[in-house]
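Take a look at this one chain, the form predicted on its own, written out in structure tokens.
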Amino acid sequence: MRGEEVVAALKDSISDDVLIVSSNGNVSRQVFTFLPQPQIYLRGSMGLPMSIGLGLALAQPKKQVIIFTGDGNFLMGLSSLATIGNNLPSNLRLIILDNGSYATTGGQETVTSSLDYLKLLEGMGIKHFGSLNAIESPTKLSEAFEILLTGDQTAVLHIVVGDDVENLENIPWKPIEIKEKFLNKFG
């Protein structure tokens, strides 16, 4: 499955009151296109989705917080994992859409094909539901996502997606508009 197919398949599983932080580039465009709006769509901020998501989870402990990030953004924000592992907010979930490249900046290959996510996350004290490398249908994805959402601890779902990226429209809002819309909805 491609990243946008994964995000689109999750639409019915995410309620309107879930807080979402999405990494810049294709992932934000996918979240903007297919999931409830407004949310925090990062732009030009590689590596920050995990830090911002952690801050939201700690500030809003009664709200579910989901971070959608690509593998390149995940790699650039690894230092945040130590802080996430130290705090382990029960309302925080991280979904990594791993296409093996920095797709938005020209398709340079990342090193995630040689990364042992399980060891890395276990070393940080974070629950990992394994990699979904062979998702054949949206039903299998929905089942994995349901397990992720109903848990009571910080958790990560790593999904290997195709490297062919659909050319979705850019988010039409400026960063200040993203912030204002998000604050108006979630206060």
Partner chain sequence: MIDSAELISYLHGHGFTLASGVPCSYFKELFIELEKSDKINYVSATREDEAVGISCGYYLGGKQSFVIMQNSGLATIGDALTSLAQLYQIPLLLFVSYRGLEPDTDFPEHSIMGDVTEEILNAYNVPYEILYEQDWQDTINRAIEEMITNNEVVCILVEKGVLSE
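Residue numbers count along the first chain shown, from 1. Every value quoted in this text rests on a predicted model; they were computed, and no experiment measured them.
Another form, the form predicted in complex with its partner chain, is not on view; read the next lines as being about it.
Enquirer: Should residue 55 be counted as a contact of its partner chain in the predicted complex, where contact means heavy atoms within 4.5 Å?
Expert: Looking in the predicted complex, residue contacts with its partner chain include residue 55, since a heavy atom lies within 4.5 Å.
Enquirer: Do residue 108 and its partner chain share at least one heavy atom pair within 4.5 Å in the predicted complex?
Expert: Residue 108: no, not in contact with its partner chain in the predicted complex.
Enquirer: Indicate whether its partner chain has at least one heavy atom within 4.5 Å of a heavy atom of residue 40 in the predicted complex.
Expert: Residue 40: contacts its partner chain in the predicted complex.
Enquirer: Tell me, yes or no, whether residue 179 is in contact with its partner chain in the predicted complex, where a contact means a heavy atom of each within 4.5 Å.
Expert: Yes, residue 179 is a contact residue.
Enquirer: Its partner chain isn't shown here, but in the predicted complex which of 46, 35, 126, 148 has a heavy atom within 4.5 Å of it?
Expert: Answer to the contact question: 46.
Enquirer: Name the single residue among 112, 80, 91, 104 that comes within 4.5 Å of its partner chain in the predicted complex, judging by heavy atoms.
Expert: For this set of options, the contacting one is 80.
Enquirer: If contact means a heavy atom within 4.5 Å, which one of 138-146, 114-122, 151-159, 57-65 is the stretch that engages its partner chain in the predicted complex?
Expert: Going through the listed ranges, the match is 57-65.
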